[in-house]
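A single chain, nothing else alongside it, follows as structure tokens in the form predicted alone.
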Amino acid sequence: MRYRRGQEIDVEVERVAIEGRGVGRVDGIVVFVDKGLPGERVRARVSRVKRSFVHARVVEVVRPSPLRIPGRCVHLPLCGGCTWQELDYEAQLDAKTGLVQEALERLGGFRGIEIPRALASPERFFYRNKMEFSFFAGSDGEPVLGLHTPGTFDRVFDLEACHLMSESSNAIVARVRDLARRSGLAAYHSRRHEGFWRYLVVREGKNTGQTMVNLVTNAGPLPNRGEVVDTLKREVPALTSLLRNINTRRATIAVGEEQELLYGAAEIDEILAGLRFRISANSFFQPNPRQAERLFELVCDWADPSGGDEILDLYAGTGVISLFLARRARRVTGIELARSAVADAERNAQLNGVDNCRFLAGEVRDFFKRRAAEARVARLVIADPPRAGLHADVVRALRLLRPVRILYVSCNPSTLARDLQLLCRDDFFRLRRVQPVDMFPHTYHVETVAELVAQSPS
């Protein structure tokens, strides 16, 4: 049967797939259903048609899944963030474990690998330490402040409450929205590229109680600066940093070319496993710090370095994994492309009195080409690449280097499976164990730690 866009079909959802969609079959055709949960029958409207599959969106839940629970968020129909909020949390963990299993078997060709259940997050709500909220020009001309509706870059709904960050952050959003409206300046228009207010970024140190408020605006003076500072100081007791980032570019990012300190310090601190990290407005830090601590301790336990080990930390970011490992290794060398992240990593090492870490700025693949002799010393390699996974040159370099072990930390099961398959080809490495970790409850995202062991050359 040939389907068409807009057609409504009945689908029995069997399971969830990568990217969190429900999966079923109708007349032998695979149907991916947005927000369809395993074990339920839905009426869905076809949104995209391909030769071997179709995409559809739920119009009506005809028979609810036994795993379906009431959603907590008032914005559930509008917001695309917590796509699994109506799926029982234990079922979320099973589904994420299944996503990793499916990717390794179907894309990586691995069989017989026992995959433990995904590690649960210590907190299921209010776990994030950073959220970005967007401004938008409302129908009455006043600034709207909230989150984007799914699949759009120029439509924002006014946020009443988000259950991913702290409850106090919701009060900050409400107060900043009011201050923006009182300023008399318009929200930035992403199509006309005019207007003043662009983003609000709230960051928190979950283990230090410190809060940063970062207002991202277009160029020009902040007319009610005194009122902004006085109001937020008074109403946000944990406020330790109030900044303004000025972004005049058309790019829809919450990062400015220029930064203005309005109150307090330019950074906040976070503590993980006794290590202190300084976080600036535009630096990366794991969004779920308490689960990140468990993730990094898992990496350290699996690494189990001796005091004489040399370790390579590829895609080192701001040096968190490097600093965790440095307490048990002779030396850790972190490689990171972003110079700002390298500067943060060096500062974090100094802050913690760690002198056996060094951080080098540049492409990971270039490191293997230019410093091959240094790379050969490492018995253990940690790789924590972006979602795109390892560059082909890095895979080739690791196969040539053949360290004793590789610990691969991944945020994308598909690219993880691809890279592991390439590394293990011709028995260069053996996949020893895998552990999924739930960093983002109520979403389909899953982190995974995999350990590879070098095989002896034949």
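We number the residues from 1 along the sequence you see. Computed from a predicted structure; not experimentally measured. Rigid core: the largest C-alpha set superposing within 1.5 Å between the two forms.
Separately, the form predicted together with a small molecule exists; it is not shown, and the next lines address it.
4.5 Å heavy atom contact, F284 to the small molecule in the predicted bound form: Judged by the heavy-atom cut-off of 4.5 Å, F284 is in contact with the small molecule in the predicted bound form.
Non-hydrogen atom contact G317 with the small molecule in the predicted bound form at 4.5 angstroms: Yes, contact at 4.5 Å.
Any non-hydrogen atom of A219 within 4.5 angstroms of the small molecule in the predicted bound form: The answer is no: A219 has no heavy atom within 4.5 Å of the small molecule.
Give a yes or no for A338: in the predicted bound form, does one of its heavy atoms lie within 4.5 Å of a heavy atom belonging to the small molecule? Judged by the heavy-atom cut-off of 4.5 Å, A338 is in contact with the small molecule in the predicted bound form.
Considering the small molecule in the predicted bound form, which of G209, G80, P386, G109 comes within 4.5 Å of it through any heavy atom? Comparing distances to the small molecule in the predicted bound form, the residue within 4.5 Å is P386.
Sort through F296, F157, F125, Y89 and report the residue having a heavy atom within 4.5 Å of the small molecule in the predicted bound form. Residue within 4.5 Å of the partner: F296.
Pick from 253-261, 284-292, 178-186, 131-139: which stretch has non-hydrogen atoms within 4.5 Å of the small molecule in the predicted bound form? Contact-bearing stretch, as computed: 284-292.
Following rigid core alignment, is the displacement of the Y89 C-alpha between this form and the one not shown equal to or greater than 2 angstroms? No, the C-alpha moves less than 2 Å.
F368 C-alpha relocation of at least 2 Å between this form and the one not shown, rigid core basis: Yes, the C-alpha moves 2 Å or more.
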